[in-house]
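Coming up is one lone chain in structure tokens, specifically the form predicted on its own.
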């Protein structure tokens, strides 16, 4: 009996050893959905994040979460790596403030930080979705911070709504001047959706600026940068061109998939075509991903079916998109498995993007590496 138990224990240890490294043992593969440890043996705490490559090193920025709250109590974390699997903790890149008057005071909501290097200034610029403390999700602001080094410290610069007083490039004069509203319309009726698609929320927010929630940043081949975000009560994605210093906007922006109810945008470009993967709006619960394509960053964008394949595809394998990272000739889909009851235990779902009939697809796998993707 003792020998049988010993053999069983040895077999279990062997299975665990093959499943994923523990603690500070170097990774040689990705293990989507499993606990992911940094080089110090601590669980990586970088949720809703994005990755930037600079001078041959990757930098992963994300939300620092605790066990009991999704509010920002620490700030934005930064990790660095040369192989995308083994990450060194670089500390807090942007700290929340102890000043109760600061927009990023401790206890605010600070989500989905993304960092780019501004081509004209050489500065590292961080954008994030910011909700002011005590206001729930009513502010729908974008926050901006800047640093001289990819690891920070980042200095908070500004926050607010986007493109106040400016109409989208793809909104007609008739839509701009329309007086239609939602009064008396049943939610989700055809007429209700049509009025929203026609620009109701955009008109409502025209003077104060457009709402900006779930977001990402994208730098195109020509060096021009864009802020891509869920807007208009999360009913419409907007793509806004950034100014040369990347600290504001040029005023050129478009509405994408109007009234399509998208959030969590992640974008990449291949062979002249832009691809965007988003999710529906179901709070912390997962849903089926969406795919949009365009031949120009400003569209028009075409919506396609769910890009996920196989078991769990209808819920994006229990995850939600946050970023798409180009690596060599391929791309890595980055997503989060949220855990609102224990936010720090949210898991990371990194999957290789595959291709099927000329469109990107995602398949769940327990283990993969850059060589066999």
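Numbering follows the first chain given and starts at 1. In this text the structure is predicted, and so the values were computed from the model without any measurement.
Below, we turn to the form predicted together with a small molecule, even though it does not appear here.
Here the marked residues 112, 137 and 283 all reach the small molecule in the predicted complex, each with a heavy atom within 4.5 angstroms. Residue heavy atoms within 4.5 Å of the small molecule in the predicted complex occur in exactly one stretch of 104-112, 270-278, 84-92, 288-296, and that stretch is 104-112.
In the predicted complex, the small molecule lies within 4.5 Å of some heavy atom of residue 263. Interface residue remark: residue 232 is not counted as part of the site for the small molecule in the predicted complex, having no heavy atom within 4.5 Å.
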